[in-house]
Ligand SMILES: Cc1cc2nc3c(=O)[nH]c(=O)nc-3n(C[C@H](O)[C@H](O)[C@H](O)COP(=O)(O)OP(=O)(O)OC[C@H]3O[C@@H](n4cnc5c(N)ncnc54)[C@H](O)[C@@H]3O)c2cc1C
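Taking the form predicted on its own, here's one chain by itself in C-alpha cells.
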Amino acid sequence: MSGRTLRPRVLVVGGGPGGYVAAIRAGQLGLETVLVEAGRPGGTCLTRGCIPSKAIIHAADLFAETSRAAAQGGHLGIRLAAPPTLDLAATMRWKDGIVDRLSNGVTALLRRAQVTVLKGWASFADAKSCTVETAEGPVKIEPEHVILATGSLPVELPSLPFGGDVLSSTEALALTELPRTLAVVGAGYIGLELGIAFAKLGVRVALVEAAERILPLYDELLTRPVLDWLHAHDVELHLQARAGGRSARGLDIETPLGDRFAIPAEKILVTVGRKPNTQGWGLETMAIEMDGRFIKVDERCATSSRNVWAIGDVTGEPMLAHRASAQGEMVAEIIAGKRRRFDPVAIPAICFTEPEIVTVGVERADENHVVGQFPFMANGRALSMEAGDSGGFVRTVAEKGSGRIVGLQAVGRHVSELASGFVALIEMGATLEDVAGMIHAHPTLGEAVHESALKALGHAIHV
C-alpha cells in the first residue's frame, strides 16, 4: 500500500472510542472508510485508561477484602490461613489480557465492517490531504470526508515533568512493582480512582489537591462518603495545597498557610487534567475555527471546514468515552445522508471511587425542583453486599410543577450499574409518578430509585 494514494469516502483519524465507532458505523453504512491509529485500536480508553484502570480497581478490591479477612481473623465467616500476597506482575498480565481481548475484538469488528486500518502517524498538508507514515512507508490519503478523533493527553506540570518516578496514569497502570509510598497530585476522579486502588493494594498514599475539597466539580453531599473512606483508611489528604517539585524526601508541597515541607513519595502520580490532542498532526493547515483550546463544532459535529468533522475529547467537555462514541456514530450516519444532531438530554458521569458516584442531569436543585433522597442503609440488597453503611444514597431531582425527572445521582458501592437506568428515565421524560408506578425487582439497589421518587412525592415506604 506504501506509495499509493487512497481516496476513500471517509478518513477517520484516531482509533479511540469515538474514532473506531465512527469507522465501524461508516463501514456498516457502505462508506469506503480508512482509519488511522498510531497505537492499538481502542485508543486511550481501552488500552491505557478506562478499561485497565477498572481492572486494577477490581483486583485491588479483591486484595483488600481478603487482606481484611486475614487481619480480622475472618470476615463474614470467611477465614484465611495466611494473609494474601500480591504478585503485581501477574495482576498486570491479567489486566493486559483483558486489554488484548478487547483490542483484538475492535480489530475484528473493523475488519467485518470492511474498514481499512493504517497503523501510523497522520499528518495533514491541508484539510483534505493527509500522509500517514507507516512501517512500510508513507501512504497518501485524499478523502471526501475527514473525522478528527485525536482525543486528549494528560496535562504535565512544569515542576513535575513526566518521566522516571513522576508518572502519568498511563505509567501508573503499567507498574510491575508497588512503591511503598505514592503521592497523587490532583484529587479529581482519575487521581482518586487510582489513589484509592493503590491504597487498597497496601501503598501509603497521599493526595495533594489545589481546591478546597476533593472532586470539586461534584456536589459536596455526593463526595462526602468518599472523603469518609479516605479518612477511615488513613489516606493522607492535603487540600488547598500546591505541589512543587520532586526532592530527595519525596514531593515538595506548600499549604494554604505557607508552610513548606516534603511528603514521602517513592512515586509521584500527576493527574491534574487532560488537554485536547491538537498538536503535531497539521491542524493548523486545515483552516478550522477553534473554541479556545478545543476544535469548534456545531450540533452535527461539523467544523468550520467543509466535510471535516470532529468528535470526542478534542471538541471539549465532558471528556468521556461514551460521549465520543455517540458523536462518532452520529457523524457516520450524517455522512451517509441521515438527518442527525447531537442533543442529548443528559450525559452520565461516573467516578469509580470507593464508594462509587454516578450523576446524570441536574445535580444541584433550586427552588424550581423537588428532591427525594433514599439511603442505602435502608435497602436490603445494599446491606446484603456490605454496601449499606458507607453513607450512600440515591437522589432524584424533579421539576416542581410537572414532576418530570431532570436529575438522578447516587453514591455507594456498585452504583455505577445504575447509570443506564438513570439515563433512560431522564431521556424518556419520566415523571415521579411514572417511577412510583413501576414495579422494581426485589432485592436490588434499583429499589432505592423507586423509594427516592416516592420520597420526592412525600410518601416513601421504607424511611
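Fair warning: this is a prediction, and the values are worked out from it, not measured in the lab. Heads up: residue numbers just count along the shown sequence, starting at 1.
Omitted here: the form predicted in complex with the named molecule. The next part is about that form.
Trainee: Sort through Val36, Leu432, Leu425, Leu418 and report the residue having a heavy atom within 4.5 Å of the named molecule in the predicted bound form.
Mentor: Residue within 4.5 Å of the partner: Val36.
Trainee: Only one of His145, His238, His322, Arg381 has a non-hydrogen atom within 4.5 angstroms of the named molecule in the predicted bound form; which is it?
Mentor: Only one option qualifies, and that one is His322.
Trainee: Can you pick the stretch from 354 to 362, 183 to 191, 241 to 249, 295 to 303 whose heavy atoms fall within 4.5 Å of the named molecule in the predicted bound form?
Mentor: The contacting stretch here is 183 to 191.
Trainee: So, Phe342 and the named molecule: in the predicted bound form, are they within 4.5 Å at any heavy atom pair?
Mentor: Flag for Phe342 set to no.
Trainee: Looking at the partner-bound form in the predicted bound form, is Val331 within 4.5 Å of the named molecule by any heavy atom?
Mentor: Heavy-atom contact with the named molecule at 4.5 Å: absent for Val331.
Trainee: Verify the contact flag for Trp94: yes if a non-hydrogen atom of it lies within 4.5 Å of a non-hydrogen atom of the named molecule in the predicted bound form, no if not.
Mentor: Residue-level check for Trp94: no, no contact with the named molecule.
Trainee: Does the named molecule get within 4.5 angstroms of any non-hydrogen atom of Arg274 in the predicted bound form?
Mentor: Within the cut-off, so yes.
Trainee: Quick check: do Gly43, Gly49 and Ala122 each get a heavy atom within 4.5 Å of the named molecule in the predicted bound form?
Mentor: Result yes, every residue of the spot touches the named molecule.
Trainee: Heavy atoms within 4.5 Å of the named molecule in the predicted bound form is the criterion; list the residues of 7 to 24 that meet it.
Mentor: Contacting residues: Val13, Gly14, Gly15, Gly16, Pro17, Gly18, Gly19.
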